[in-house]
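The chain that follows stands alone, in the form predicted on its own, written as structure tokens.
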Amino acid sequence: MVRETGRNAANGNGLEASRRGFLGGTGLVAMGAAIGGALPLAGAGGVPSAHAQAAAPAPPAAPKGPQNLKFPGKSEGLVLLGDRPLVAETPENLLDDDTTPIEKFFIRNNGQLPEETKNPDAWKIAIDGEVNNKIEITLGELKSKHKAVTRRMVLECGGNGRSAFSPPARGNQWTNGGAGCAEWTGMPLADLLKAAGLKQTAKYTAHYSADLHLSGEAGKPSISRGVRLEKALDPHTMIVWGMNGKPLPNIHGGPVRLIVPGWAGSASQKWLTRITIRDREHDGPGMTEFSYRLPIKPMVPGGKADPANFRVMESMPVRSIVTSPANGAKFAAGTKELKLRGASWAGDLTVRQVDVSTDFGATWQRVKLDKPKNKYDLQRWTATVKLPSDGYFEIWSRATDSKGAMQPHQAGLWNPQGYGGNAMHRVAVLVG
């Protein structure tokens, strides 16, 4: 498939050739056995054209390509990764807005989509566990008793970038589209936790929600993750009921959800009903064995994993994407320069610099990097690059975070569930 074979098999070097294929999957698709080794392919199968002609007298039937999402209120440009549960990603060129519109925002569910509540303000949230005062409060009371704040912050799926791993890892094969940056309105979770009176034994949160498990078994959580208390008390960790100035949509966890910025989006529980404070690391669904966990010591790619060698995934890695031009863009003959736009982010950290290359990494050019509106916001970037001639070019984008960690050429630290893959982004264009 273009989605998998053309991206995973053709990217043993880890560099991202678009899953959707260059020029609709019928023209050149960039890939190399070594960095800088671009190679024209025959279709989307990942076989050099000369080899394809010798391999068989007749080419195989073209594989079925990626499917676009069809969901009320959502752009049909989103790519469907799974329908049970519903999962859809946003192509990089649709992430060109400073604030990601709701219709372009990615979807990641774990259970069955609950019905939209008819009375949002009556929705109840409980705080219990290692607290002095158990709290049960309605959304209406939260809104009336606490001053609302709005922050523009990135929400990113823990598996974003998974499709770049080789050998392939389990799960939805995200490219870079499991991320979005919305204006979230709500209140700091810390305010509610402090009102509950945290005991000295309090160490970790455990989140619960209203969505039904895929099995349909009542009372079985579809997912229940949590975070260290230090992260829960960060003023940017919020209980939110608004998105881009509108009531939080049901598909995005409405009427109320958590936003735990910088960490895997699975910690940002949708349809929030309860937070239990625990005296140890939470062990709910999505917290144990290899779920949202990374190797402590690097393991052999594709090898047998030992759960004892894994830790909870926390801050997401640095990432930069090209949002314009789109992969597969064509330009008129004689075009001598391209104007580029992109976005970058770095989990709990900030982005220190972004560099781009149009010669397969032989040389790099620093971009103009904007400051974020607030912590955890996207950092937009722009650049103008010169082209020496007509022909095929690739734009590579590489970000460096505030601690000096740089995006790698290939997805490293392989793990069975494919978390933490942040290989640099590649976009192919044709001039003339």
Ligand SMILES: Nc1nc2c(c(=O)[nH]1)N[C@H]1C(S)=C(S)[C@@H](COP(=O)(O)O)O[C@H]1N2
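We number the residues from 1 along the sequence you see. Remember, predicted model here, so these are calculated numbers, not experimental data.
Not on display, but discussed next: the form predicted together with this ligand.
Only one of Val351, Ala196, Val79, Ile223 comes within 4.5 Å of this ligand in the model of the complex through a heavy atom, and that residue is Ile223. Residue in contact with this ligand in the model of the complex (any heavy atom within 4.5 Å), chosen from Thr205, Thr100, Gln173, Ser268: Ser268. Relative to this ligand in the model of the complex, residues Thr237, Trp241 and Tyr376 are all farther than 4.5 Å at every heavy atom. The closest non-hydrogen atom of Phe310 lies beyond 4.5 Å of this ligand in the model of the complex.
In the model of the complex, at least one heavy atom of Ile251 sits within 4.5 Å of this ligand.
In the model of the complex, none of the heavy atoms of Leu294 sits within 4.5 Å of a heavy atom of this ligand. Although the partner is absent here, His282 is not a contact residue: none of its heavy atoms lies within 4.5 angstroms of this ligand in the model of the complex. The stretch in contact with this ligand in the model of the complex, judged by heavy atoms within 4.5 Å, is 155 to 163, chosen from 155 to 163, 328 to 336, 343 to 351, 92 to 100.
Taking this ligand as positioned in the model of the complex, none of the residues of 169 to 185 brings a heavy atom within 4.5 Å of it.
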